[in-house]
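Encoded as C-alpha cells, the following chain is the form predicted alone, with no partner shown.
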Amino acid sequence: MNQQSISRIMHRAKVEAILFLSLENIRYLCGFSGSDGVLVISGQERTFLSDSRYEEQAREEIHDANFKKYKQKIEGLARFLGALGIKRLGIESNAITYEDYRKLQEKLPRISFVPLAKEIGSLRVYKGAEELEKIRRAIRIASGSFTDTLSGIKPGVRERMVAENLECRLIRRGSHQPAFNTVVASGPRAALPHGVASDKPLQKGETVVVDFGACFQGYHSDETMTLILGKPDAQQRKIYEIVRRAQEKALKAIRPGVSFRRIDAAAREFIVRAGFGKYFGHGTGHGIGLAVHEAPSISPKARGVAQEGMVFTVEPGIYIPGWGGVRLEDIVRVTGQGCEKLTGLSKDLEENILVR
C-alpha cells in the first residue's frame, strides 16, 4: 500500500529507511490496530516491532510486513536499526517524544536522523474505496445516533446528559468509541469552539452547538449541528444564516485544482463582509480518516490544492463571547467536477428548531 509514495519520499530525502511511529500511519501501512509499536520500512522490506502484549494481535492483523518482538522499546528498536547498516534514517518526527529521540540518537551515533513529518503527513490524503466506505459507515452511525438523541435535547437537561446519551447511542449503533469528546455547548458557552459538555442545564431560547463523531474500523466521522431551543430571535437567525451561507460558498468553491486557501477564503470573506470576521478564528476545515484531524488543512495559511479523492470537513463558525455561537460542519469528498457531501443531516435553520 502506497509503496510508490514511500519510495518517492525515501528517494527525495535520500534516506535508506523510514521509521513510522504514529498509530494511524502504522495501521494504514500494515494493518496493526493496537496501541503500541513501530514500523520500519527499508527498501521493499517492512518490519513491525512491538512487545509480547501485542504479539498474537500483530500476527493476526499485519499484512505485507514481518513481525519482530522486543522487550524494551527503544533498546529493541535501536538494535534492529543498527543491524540494518544504514546511514540515513527518515523519522516521523512529530510522533516521537524528545526523550525517545535523544535516546535513539545516543544509541545510534552513526545514523543521521532526517525529520520527515511534512512528507509523511501527505501519505493518507487520498482515500480509496475501502476507506471511503468506512468513513460513510461512521457517518451513518453518527447521524443515526444524533437523530435518536434529539428528543432528549430540551430545556432543563444538562449538557453532559446530552453528550452521554449521544455517546451511548454511538456505541450501540456500532461505533468503536466516540471519535472525540462530544461537544455540547449551549447559550453563552456556544462561543467556545471546543466547549466539551458541562453540567450547565439547557434553557429555552438558547442555541446549542453539538459536535460529534463515530469511529468505525479506525475511520472517523465529524459533524457539527447548531440547534435552537425555541423561536429564534433576529440575531440568532442572522448569524445562523451567515454561517450557513458561508459554508455553502466554501462547498461551491471546492473542485480539483482550487487552493485550500481559496476554499477557506470563500467562507471567511463572506463572514468578514457580514461584519463578523473577528469572531471566526479557526480554519474552515481539516482532513479526516484514521485520525479526526489530518491532512489537508483548509485555512488561510494552508498550502496545496484540492484533488479528486481527498476527504475533509467544511466547518465555518461565528463565536461571540457572552452571546454564544453557531458552527455548521459537513464532510465532503472531492470529485472530478466539484465535491460530494458525505454527511446528510440538514443544516436548514427551520429543521433545527427543537422547541416551538
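Just count from 1 along the sequence shown to find any residue number. Keep in mind the model is a prediction, meaning the values are calculated, not measured.
Form predicted together with a further copy of the same chain: not shown, discussed below.
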One stretch from 279 to 287, 204 to 212, 220 to 228, 238 to 246 that, in the predicted complex, holds residues within 4.5 Å of a further copy of the same chain by heavy atom: 279 to 287
In the predicted complex, H63 touching a further copy of the same chain (heavy atom, 4.5 Å): no
Close approach of D233 to a further copy of the same chain in the predicted complex, 4.5 Å, heavy atom: no
a further copy of the same chain contact at R110 in the predicted complex, heavy atom, 4.5 Å: no
4.5 Å heavy atom contact, I171 and a further copy of the same chain in the predicted complex: yes
Sole residue of G82, P115, P256, P155 within 4.5 Å of a further copy of the same chain in the predicted complex, by heavy atom: P115
Heavy atom within 4.5 Å of a further copy of the same chain in the predicted complex - residue from D148, E269, E133, E164: E164
Stretch 287 to 307: residues contacting a further copy of the same chain in the predicted complex, 4.5 Å heavy atom cut-off: K301
